[in-house]
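First, one chain by itself in structure tokens, the form predicted alone.
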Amino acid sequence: MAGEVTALTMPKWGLAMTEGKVVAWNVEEGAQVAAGQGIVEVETEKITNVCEAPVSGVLRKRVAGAGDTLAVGALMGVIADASVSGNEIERFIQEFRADTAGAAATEGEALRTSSVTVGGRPIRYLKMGEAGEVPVLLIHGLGGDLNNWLFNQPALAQKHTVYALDLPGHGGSTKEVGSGDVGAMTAAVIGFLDALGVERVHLVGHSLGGAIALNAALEHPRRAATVTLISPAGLGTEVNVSYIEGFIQAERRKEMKAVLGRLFANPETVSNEMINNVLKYKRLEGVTAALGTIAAAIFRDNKQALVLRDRLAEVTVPVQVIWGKQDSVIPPSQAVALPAAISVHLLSGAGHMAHLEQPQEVNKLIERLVASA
């Protein structure tokens, strides 16, 4: 990258993010960095994450310091080859700031959800990226929504078209869930792809979304290019039903904070914004009934009702399982003794939400599987 100068800017993680706070730099000025290396920690209202170097080179300038709050799109640092002069670096910084005045407003408007009709009912989704022949489809878990992928979708969209949807009963989608079981949810996902005219996707599912992704690959094999299962349901009977019941029943902040804390290896990961968003969602008309119907369909007698483990060998495309070792909702032991063709990755320091707790590693694993196909 001789002669090139690259801006490291405040990313936009999630629909509502307009600014972020620089917590700490992980590398010093003048240090060599590699593309994809986490070099600066950024805190948002939702969660703290590490921002990666977009290219390999030398971190020539840390424009923002620890404690600085910057608008989305603002300049945090500059990466360039050592041959670029200091005057060129300073000129780049001044020109960048002049050219991006008002960038916060532009970036703030950049992410817009859309909606399609599936079976006469709306399904909300967010599309990012325009690259790659086969899109990536992200499917969240029970009680989640498309914002659960805020650290994954933008990164994956650099090389692929990436869709994240709200399952029926969740987010901005219909609150009518039919039978509420995995089959009904799978039908909604396939209907979503049909509505968009998308023939084939790389399926990525978390928790309940994992069971849906696996079921989709089994029942509609031509629609799946690869399958990534993150702390998935459907590989065993054991599940922490007290978490499910607690999530559905919690109505106050203190109760919800305790419940959400079970999702993470470090309960302090739960932010006030996260609690507020979940409580706001649960107060929407039809949500309580929808969640109750889904839970009753997928959990019976304190166990998972649908176990697809014995059918894994039927999946003819590459499959991988990613699990946080500290998962207290679905035990990672369910990843043991899977068919040899399935790659299993157990992540230390992560709980049930590995894609939020260790997004860089999860994104790399997804990219690697997609590339193998």
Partner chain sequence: MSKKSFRQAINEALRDEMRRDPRVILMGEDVAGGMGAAGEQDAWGGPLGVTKGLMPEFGRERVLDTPISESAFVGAAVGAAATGLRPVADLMFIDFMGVCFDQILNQAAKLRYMFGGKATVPVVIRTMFGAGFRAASQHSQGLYPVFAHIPGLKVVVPSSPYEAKGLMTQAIRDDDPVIFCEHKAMYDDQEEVPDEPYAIAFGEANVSREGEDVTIVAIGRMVKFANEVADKLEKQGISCTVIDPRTVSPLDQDTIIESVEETGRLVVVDEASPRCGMASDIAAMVAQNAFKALKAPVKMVTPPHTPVPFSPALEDIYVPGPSQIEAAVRAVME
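Residue numbers count along the first chain shown, from 1. All values derive from a computational prediction rather than experimental measurement.
The same protein also has a form predicted in complex with its partner chain, omitted here; what follows describes it.
- At a distance threshold of 4.5 angstroms between non-hydrogen atoms, residue 296 is out of contact with its partner chain in the predicted bound form.
- Contact between residue 69 and its partner chain in the predicted bound form is found at the 4.5 Å heavy atom cutoff.
- Using a 4.5 angstroms threshold between heavy atoms, residue 19 counts as touching its partner chain in the predicted bound form.
- Using a 4.5 angstroms limit between non-hydrogen atoms, residue 242 is distant from its partner chain in the predicted bound form.
- Comparing 205-213, 129-137, 254-262, 84-92 against its partner chain in the predicted bound form, the single stretch with non-hydrogen atoms within 4.5 angstroms of it is 254-262.
- Checking 222, 280, 97, 300 against its partner chain in the predicted bound form, a heavy atom within 4.5 Å turns up for just one residue: 280.
- For the candidate set 114, 179, 266, 272, a heavy atom within 4.5 Å of its partner chain in the predicted bound form is found for exactly one residue, namely 272.
- Taking its partner chain as positioned in the predicted bound form, the residues of 276-295 that bring a heavy atom within 4.5 Å of it are, in sequence order, 276, 280, 283, 284, 285.
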